[in-house]
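One chain comes next, on its own, written as structure tokens: the form predicted on its own.
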């Protein structure tokens, strides 16, 4: 049930011109559907009124408008920093427990994961050891089983131990694969020899470290930026039937997109956890430098980095989120962010 619930939650993101699914669900149930819970669905879990429709609309506004759940995490004991202040417009301004606001993660294509959860808190037990080539997929399956328990006992507030259901949940969710199957002006993405769609993706070879640009491939294979080859066969397409001629332009466009992903130069600068760790101010790269898993686009090794999505200066306009101020206990350096991320797991 936990996996099924998570799968349903993953559908909350809708197109820009459609009503968000959570808003529609709120309107249909007047905010009484089980997804609207004060333990994680509300903007805060205290000093709120959910006894009326208007009260619930106010309490769950981030979930209905932006698909955000509140994840409350305790500052780890012995953390290298103090939480100096929390400026949260929704309440929940405690310094010992920080409320972060995050969207549900994808619940398919899980065999390509190198980290479980955005901050890695479900990766290989409480010590959050990295998923590795030597221990995979045993470690990934164990992480997903643990996550099923946490989701049931936490978000769903379950009281009955899952026991044998854990394995059933993991078996179910690890056999779910999602990929675009049809494109306008092209038709089926597995036509004319191409290998688009979920069936081919489910058979895609993967192991931790595959195509790692930092030399982490356990077989010593050199990195190549040619990450995607799903539509390579279309570069040689010379069909003559009417249907083929009608769709040929669309296929050529997809081929150009794949080539762009595989070849466009990108200068990587200012990425904490990458440039500073390697002591390299500028790293010549491309799309595949980060999205290195062949034909899947995930990063093939666990690599916690800061790409700026929680920065106050982000171009994503995060003015609706709280501002958390951290102070390094040794250096006194102050950092402001809308989400401390992995710092709330490791204390670093």
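Positions refer to the first chain, counted from 1. Please read all numbers here as calculations on a predicted model, not as lab measurements.
One more form of this protein, predicted together with a small molecule, exists but is not displayed; see below.
A.B. asks: Considering non-hydrogen atoms and a 4.5 Å limit, does the small molecule approach residue 199 in the predicted complex?
C.D. replies: Outside the cut-off, so no.
A.B. asks: Even though the small molecule is not shown here, does residue 206 get within 4.5 Å of it in the predicted complex, heavy atoms only?
C.D. replies: Contact with the small molecule, no.
A.B. asks: Against the small molecule in the predicted complex, would residue 62 count as a contact residue? Criterion: heavy atoms within 4.5 Å.
C.D. replies: Residue-level check for residue 62: no, no contact with the small molecule.
A.B. asks: Against the small molecule in the predicted complex, would residue 271 count as a contact residue? Criterion: heavy atoms within 4.5 Å.
C.D. replies: Contact check for residue 271: yes, within 4.5 Å of the small molecule in the predicted complex.
A.B. asks: Answer yes or no: in the predicted complex, does the small molecule come within 4.5 Å of a heavy atom in every one of 118, 287 and 305?
C.D. replies: Yes.
A.B. asks: Counting only non-hydrogen atoms, choose the one of 180 to 188, 108 to 116, 209 to 217, 260 to 268 that falls within 4.5 Å of the small molecule in the predicted complex.
C.D. replies: Contact-bearing stretch, as computed: 260 to 268.
A.B. asks: Using a 4.5 Å heavy atom cut-off, which residue among 53, 323, 282, 309 comes into contact with the small molecule in the predicted complex?
C.D. replies: Checking each option against the small molecule in the predicted complex, the one that comes within 4.5 Å is 309.
A.B. asks: To verify the annotation, which of these, 66, 57, 291, 37, has a non-hydrogen atom within 4.5 Å of the small molecule in the predicted complex?
C.D. replies: Residue within 4.5 Å of the partner: 291.
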